[in-house]
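Just one chain follows, in the form predicted on its own, and it is written as structure tokens.
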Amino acid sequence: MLDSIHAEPGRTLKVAARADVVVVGGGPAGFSAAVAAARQGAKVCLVERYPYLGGLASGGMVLVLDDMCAGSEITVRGICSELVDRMKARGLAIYPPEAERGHDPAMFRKWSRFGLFDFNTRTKPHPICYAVAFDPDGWKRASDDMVAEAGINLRLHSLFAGTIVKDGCAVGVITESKSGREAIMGDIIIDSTGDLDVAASAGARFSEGAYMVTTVFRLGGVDTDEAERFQFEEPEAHAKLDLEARRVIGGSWDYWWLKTPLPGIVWCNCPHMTGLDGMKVEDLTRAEFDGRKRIHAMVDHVRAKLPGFANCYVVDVAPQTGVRQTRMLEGEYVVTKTDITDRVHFPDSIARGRDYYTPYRSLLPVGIDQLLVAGRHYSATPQAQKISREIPPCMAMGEAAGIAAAMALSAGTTVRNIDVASLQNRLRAAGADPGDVPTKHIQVEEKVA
């Protein structure tokens, strides 16, 4: 009979790197945090478990950036905008020009199958808005360039294994890789793991939630002109066949396929699988097997029945499972669903989403110094997180965390005690919108406590 526990003997670890700021997780938030801190003069080490940057944007193939405008006002700028510009320059990102946004059936037909519409409005067709469709390799290439230009010590293929805490301060992390078990020491640590791995290991309080998971995939060989013609010119027949396809995949958004910047290549943000825990190896393994079965069943179905898809084939399945919610920080302020839906404004706002604000306090764990959290695992209730976890606002959080870390270093203080007004000013100087000035066309309420 196997023992249920194994006692690991004590060991000493090689210090593989030292930095002013150590960022764990190279997804959208962590990449933004690392670049922002380095541009402020900090020495930065960025640790990522996969062989690429981008997290769920590139590896998870969530290939639309949305939740980044309030009406005609673009609310997420800064590093996010720069990355978009770099991808667009390579022909690997696309968005509607300003003149083509708004309520216009012709523009809806032109742009909706890229997913570039405001799905939060009740009016139909939904208005076209500022959102971005991009290619996953385009993200990797652009972020690689930005990290290299910033002089960041990037360590890919490195799994996070634990947080080093001394006298109530996070002072480093432990990684596992082909190089073995090593320590990386830093004055400030930023947790951008998506699952709160670093903060939880340090002893921070957190809540747990669960949402559907997805094995995203791409199809090639799609005649998108014919598929769109069928949708708009034979709406009743399309609705029937489209519903059949969604039933075969076993769960999806209404727009289960969307165009990409690559002709004939579409991405499919499905199947949606519920009842699985993104923190359990067994459930993640099950998601991979079940997801691939559903994907190939759907492909066989649409080849036979759906106009435009007769010659389609699977290009790839995302190397990262699309996990939306696991652990969430319980920080100095916990953002609620009401805060999001009522558009509550915070004096210490440092990031914006569609039409909501993120307070700096929601990046701060209680009782642990020199540790910041940025990304979908920020301090929020599960209900609030579900409507505030999109990639652009997470990038805005990361940019704020990176600048905050650099400010704390230069001032010789803790991240908890920086001057938030100065942080807001630095974010604006860097081209970001921290949300310190509420949007005028919506009703807002100040919330301090």
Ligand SMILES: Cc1cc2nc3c(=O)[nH]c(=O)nc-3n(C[C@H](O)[C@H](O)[C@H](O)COP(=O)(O)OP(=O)(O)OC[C@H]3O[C@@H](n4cnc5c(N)ncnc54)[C@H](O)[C@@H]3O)c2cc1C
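Just count from 1 along the sequence shown to find any residue number. In this text, all values refer to a predicted model and were calculated from it rather than measured experimentally.
What comes next is about the form predicted in complex with the ligand, which is not displayed.
Partner proximity in the predicted bound form: residue 392 to the ligand, non-hydrogen atom cutoff 4.5 Å: Yes, contact at 4.5 Å.
4.5 Å heavy atom contact, residue 267 to the ligand in the predicted bound form: Yes.
Interface membership of residue 315, the ligand in the predicted bound form, 4.5 Å heavy atom rule: Because no heavy atom of residue 315 falls inside 4.5 Å of the ligand in the predicted bound form, the answer is no.
Non-hydrogen atom contact residue 64 with the ligand in the predicted bound form at 4.5 angstroms: Contact with the ligand, yes.
Options 87-95, 353-361, 209-217, 303-311; stretch whose heavy atom lies within 4.5 Å of the ligand in the predicted bound form: Partner-contacting stretch among the options: 209-217.
4.5 Å heavy atom contact with the ligand in the predicted bound form for all of 55, 193 and 323: All three within 4.5 Å in the predicted bound form.
Option touching the ligand, based on a heavy atom within 4.5 Å in the predicted bound form, out of 256, 333, 230, 160: None of the others qualify; the residue that does is 160.
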